[in-house]
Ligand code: ATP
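For reference, the chain that follows is the form predicted on its own, supplied as structure tokens.
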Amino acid sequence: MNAELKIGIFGGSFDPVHLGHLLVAQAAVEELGLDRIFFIPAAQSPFKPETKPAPAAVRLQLLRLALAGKTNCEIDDQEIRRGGISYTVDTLCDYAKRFPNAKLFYLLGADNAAKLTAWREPAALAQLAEFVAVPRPGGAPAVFPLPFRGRTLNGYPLAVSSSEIRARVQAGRTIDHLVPPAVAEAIWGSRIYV
């Protein structure tokens, strides 16, 4: 008898990817028993229309560096290839077609759980995946509105953000211990956030 495949889907801007993202992925793999976790960088967040992320090629390269050697982590660039605003429902529909017998888990910040009914096609979203809240240090617990199924990760909340890393780079401050060494080297070498 084959065990049900468990797939984690971790969307975001990853602008840039940092150790908090990697710790979340590790906690999800361990706590949910995931077979694989896919990092899916957004082309453009519908909730941040005024924010222009770093070029997709740069964000993808930083993800490749961060995930090198992590055999259960993969990068999926479908939202970037689609272009325009990235909607989670489109991505989850794709995963449901590609992995029809898998259990899908979608990771999101705990602060976004209560807003799920405002996402595009919420009824479809609620059917496609179980939502997994990533706790923020000092943040309120996740609240999942009906009809969403959800749970909260226990492990590794780290108070670091991509915007903080970009600000530190602009100020010429170190980002060591916030991103993997290869990512730090690539950020400084490319001068992308300067």
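Residue positions are given as counts along the sequence shown, with the first one as 1. Note that the coordinates shown come from a computational prediction; the quantities given were computed from them, not determined experimentally.
Not on display, but discussed next: the form predicted in complex with the named molecule.
- Put simply, R64 is far from the named molecule in the predicted complex: not one heavy atom of it is within 4.5 Å.
- Contact check for P135: a heavy atom falls within 4.5 Å of the named molecule in the predicted complex.
- The named molecule is not drawn, but in the predicted complex it has a heavy atom within 4.5 Å of S163.
- Contact check for L158: a non-hydrogen atom falls within 4.5 Å of the named molecule in the predicted complex.
- The contact with the named molecule in the predicted complex, taken as any heavy atom within 4.5 Å, belongs to D111 out of D76, D94, E121, D111.
- Only one of 143-151, 64-72, 29-37, 127-135 places residue heavy atoms within 4.5 angstroms of the named molecule in the predicted complex, namely 127-135.
- In the predicted complex, not one residue of 59-91 has a heavy atom within 4.5 Å of the named molecule.
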